[in-house]
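Form predicted on its own, single chain, as structure tokens, below.
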Amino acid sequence: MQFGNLLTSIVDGLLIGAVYGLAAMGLTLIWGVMNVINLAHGPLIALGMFSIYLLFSNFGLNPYLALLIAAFLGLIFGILIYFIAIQRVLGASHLSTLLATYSVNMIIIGIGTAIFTTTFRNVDYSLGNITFGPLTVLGTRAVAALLTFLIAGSLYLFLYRTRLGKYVRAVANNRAAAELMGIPSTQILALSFGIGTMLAILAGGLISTMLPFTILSGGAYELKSFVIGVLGGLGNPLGSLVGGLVLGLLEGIVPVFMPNTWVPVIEFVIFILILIVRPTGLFGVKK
């Protein structure tokens, strides 16, 4: 095995792993703030893919500029989902919220399949290759990883350096106490769900610049998001970035030494081990 090939596999895995982490951030943010497991997460990632595809193919918009539009639409769509499907069952049993988000899942997949079928699409956009000595990576993957770190940094600044972010953390820690302090918890919960949705849309948009997809593709990334969320700690969005890098590194290294079919097996073995040994994950928040 050549060192250059191994190095390329490792770096390539880390680059796409960063985007996995971005996808998981949306899932774990929603869990951390409102104790809701969002089963509509996968289809939302797929909507991000199709948002970029449609804006690029129909209007000729640069995919990275299209991300801004997709992010705004994702935020609004997430807020609407909260008020229509989540608000009334919030505080009920986990089964109620699971069924509510699963219903949204099926609606998006049903409408998406009717409109787009299950034909593979791709965003035909290239930034060429970037070469450093023996290392060669796709430009789109490098830019996707860079944007992921910028988004993660922006999320951190929002949560810890803005008044709204402090409201989000206050509601996550103790909703009743936050309300006594005059914080409008309903609006903050809606905003949190909107941000979680926006992160899923952004992740899907970045994935669309790297890999082909269908309306059903989000399901695989939803499963990865659960693994990453448990690894990094459900309730800690930035821990998800670390979890994504770990998962990406695993996906980069394993195929070098054994058949690619072993990757999901190893991923879910790690998932089970983390649940057994450290249920709160590496950076988890106890609930």
Partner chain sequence: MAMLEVRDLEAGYGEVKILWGVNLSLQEGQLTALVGSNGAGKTTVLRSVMNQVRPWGGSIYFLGREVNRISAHEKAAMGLILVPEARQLFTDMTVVENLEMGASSSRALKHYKQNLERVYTLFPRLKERYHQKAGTLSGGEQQMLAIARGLMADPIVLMIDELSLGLAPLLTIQLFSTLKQLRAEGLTILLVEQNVQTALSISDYGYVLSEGRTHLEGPARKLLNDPQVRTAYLGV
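If you're wondering where the values come from, they're calculated on a predicted model, not measured in any experiment. Residue numbers count along the first chain shown, from 1.
Keep in mind the form predicted together with the partner chain is missing from the figure; the text below concerns it.
Only one of 134 to 142, 172 to 180, 91 to 99, 209 to 217 places residue heavy atoms within 4.5 angstroms of the partner chain in the predicted complex, namely 172 to 180. Here is the short version: of 184, 110, 153, 128, the single residue with a heavy atom within 4.5 Å of the partner chain in the predicted complex is 184. Proximity to the partner chain in the predicted complex, taken as a non-hydrogen atom within 4.5 angstroms, holds for one residue of 83, 120, 160, 72, which is 160. Although the partner is absent from this view, residue 77 stays clear of the partner chain in the predicted complex, with no non-hydrogen atom inside 4.5 angstroms.
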